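Okay, here we've got a single chain as structure tokens, the form predicted alone, with questions on binding and movement later.
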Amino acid sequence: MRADPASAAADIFEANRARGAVRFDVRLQDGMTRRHHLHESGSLRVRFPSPEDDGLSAMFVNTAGGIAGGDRFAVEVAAGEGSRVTLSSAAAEKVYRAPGKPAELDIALTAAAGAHIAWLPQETILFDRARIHRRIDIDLAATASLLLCEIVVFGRTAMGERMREGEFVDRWRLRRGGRLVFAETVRLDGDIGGKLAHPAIANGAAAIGTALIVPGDAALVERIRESLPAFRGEAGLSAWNGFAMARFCAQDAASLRADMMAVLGCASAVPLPRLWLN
């Protein structure tokens, strides 16, 4: 019996999808944060550039050269009591068009009492007709702290490209002290370019970003607001449930990145990863 050509093509496509996972934890040892267990698989890797006084930096590298439809990646990081870890990426992550299944990216961050996690990857760039589902789950002890930012760019704006169609599903869940304090799912699909052009959505912006700061309060928001007149794009700030959030829209990635750096500088004394400064 002959195999169905469409089914055979689907099997070949699935067999050639990239898979990658990184799981590690860090612990405080003699006043310094050091990695403990580490697991890497597939095309996802993590590198630790250099020891620091009391914290540790980790840099993720996707050796697949980007994300395509059907790819699956997972990151799990746990910070032990009193430890400090800054997580970033070696380059902007590119998500290419997907004729079939969407790519999947799962991120899980856990911080024990007194620990601090800074999640500061470079931007994610969605090509036209890209499809990706992302999940970010964060579990913080009551006395843990978090600095998290994500930037999404719809098309390579520096090349004059815009994302017209595709699918972007972004699910965030934040628990603090065992209690769910923030839950949000963003879904953009179909005519994404037309939706972003709508004044009530992005007013034509090609880049959006979110910064999540824990703990955060009204005083922090007011301090950040002092920088707003110098912003290149639009920003909205709020604080509730013990954390602060900043949301951004801009015409291009460079403008949004500059605004994000201003907010992160106000929010934390933790230095930005060196690649952010290039």
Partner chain sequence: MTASERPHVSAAMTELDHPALYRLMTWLSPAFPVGGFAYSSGIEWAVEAGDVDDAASLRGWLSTMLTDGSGFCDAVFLVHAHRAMELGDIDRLREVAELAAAFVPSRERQLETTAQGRAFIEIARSAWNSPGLDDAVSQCEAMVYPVAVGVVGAAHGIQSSLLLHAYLHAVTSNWISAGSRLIPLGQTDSQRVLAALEPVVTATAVRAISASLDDIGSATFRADLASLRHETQYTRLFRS
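Keep in mind the model is a prediction, meaning the values are calculated, not measured. Positions refer to the first chain, counted from 1.
Just so it is clear, the following notes concern the form predicted together with the partner chain, a form of the same protein that is not shown.
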| query | finding |
| --- | --- |
| Contact residue in the predicted complex, chosen from Arg175, Lys101, Arg129, Arg162 - any heavy atom within 4.5 Å of the partner chain | Arg175 |
| Contact residue in the predicted complex, chosen from Leu220, Leu212, Cys249, Ala58 - any heavy atom within 4.5 Å of the partner chain | Cys249 |
| All of Phe154, Arg187 and Ala200 within 4.5 Å of the partner chain in the predicted complex, heavy atom check | yes |
| Interface stretch in the predicted complex with the partner chain - options 92-100, 78-86, 115-123, 203-211, non-hydrogen atom within 4.5 Å | 203-211 |
| Gly236, heavy atom within 4.5 angstroms of the partner chain in the predicted complex | yes |
| Residue contact check: Asn241 to the partner chain in the predicted complex, 4.5 Å heavy atom | yes |
| Ala142: touches the partner chain in the predicted complex, heavy atom cutoff 4.5 angstroms | no |
| Met245, heavy atom within 4.5 angstroms of the partner chain in the predicted complex | yes |
